[in-house]
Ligand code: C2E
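Have a look below at one chain only, the form predicted alone, in structure tokens format.
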């Protein structure tokens, strides 16, 4: 009897020990991939580095980011995305050095800790080999699923041996490596930390400015190339923070897109541009740039509708400018929204044409109203004659497809002469008009209208006074 009870107690102890072991494993590991989770990874890396002497050697953390997981989850389902992540994790675990640690940081990123490096190039070599191994397509049923991967490498420096610091640096290096094309690898350098701090400050300023309505719109005119008649304005967002002062759109727009604030700012810009344009003569249009994030938010159709309704602004006078990059992530979803906007009566403009890799494919997939030729083509006219042929071909192509063309970046009379020769429809740039504040628009409109009437009958000139009254009305 006593022997039986002892045996049962021993069995219970073993079960309890196994249960504790299983619980500890669950706590320390990612349930999908079986890799260490972030918390246990940081703890173990700190323990290893606290016992090491890095006076003549280094340790490194490599953060690996996977592009395309949200796209796979959206098109094929979350279970397929999970399968891809599991497959990549298994590859990573198989190729890592036995002394290295690897973990799953979040939904689409991993990290590797290399405890001992004699030459920094060892870490870079490891990063490259990992990217090559994980970039091999993952087979799912009857299709290969290819991923784009990037890697950020951070090395220990004297006096800084903490896992959290290394992870932050590796993350900044990864962002630097992938922000242009989604793939690549890079070492951390102190300049990246300064950039990150500036971004953080800009983000805070954005949030404050959004709450306190510290944004405004400038308007850059564009003209008919043939007649020099004013045809409309492009609305350009401006930010003037109380502490940081004027911040360039080239800086604050990317930060707004990363933080999803661009959806709120974009809705405001649409409403403000339509409200202002109701004060203009009825033949003038207003163009508003639309960020890719506004399409992905699901609010764009409502935002456009509300902007038009609140100002009673006719949809045919609103041009929505998008870049080719907008359609690269989820072209079907974007195309569907573009079709709805076109059905509402809005004009859809393909901006920065000629800078992407597959612009031509979109011209027959969707009936755009206009192409805006990237300013780089106009600028290059001064450098090489080869660009003349390319520019002429783009304009001829658009004309054959029934599309209007606008050339940006016009800065010299020679630019105008070339574009007139090529029969480009509209021109926009510093030569014809810099971006102007709302208070200056009446003068621009009246000046152009007056110049157009110089050769017109006296009866037509009398309408200037009526237009002046309309433009000055509150």
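What you see is a predicted model, and the numbers here were worked out from it, not measured in a lab. Numbering follows the first chain given and starts at 1.
We do not show the form predicted in complex with the named molecule, though everything after this point is about it.
Segments offered: 58-66, 402-410, 444-452, 40-48. Contacting the named molecule in the predicted complex at heavy atom distances within 4.5 Å is 402-410.
Every residue of the trio 290, 375 and 430 has some heavy atom no more than 4.5 Å from the named molecule in the predicted complex. The contact with the named molecule in the predicted complex, taken as any heavy atom within 4.5 Å, belongs to 249 out of 249, 354, 74, 314. Listed residues 101, 253, 89, 347 were compared with the named molecule in the predicted complex; 253 is the one with a heavy atom within 4.5 Å.
At the 4.5 Å threshold, heavy atoms of residue 173 stay clear of the named molecule in the predicted complex, well away from it. Residue 271 falls outside the set of residues with a heavy atom inside 4.5 Å of the named molecule in the predicted complex.
The named molecule is not drawn, but in the predicted complex it has no heavy atom within 4.5 Å of residue 391.
Although the partner is absent here, residue 319 is not a contact residue: none of its heavy atoms lies within 4.5 angstroms of the named molecule in the predicted complex.
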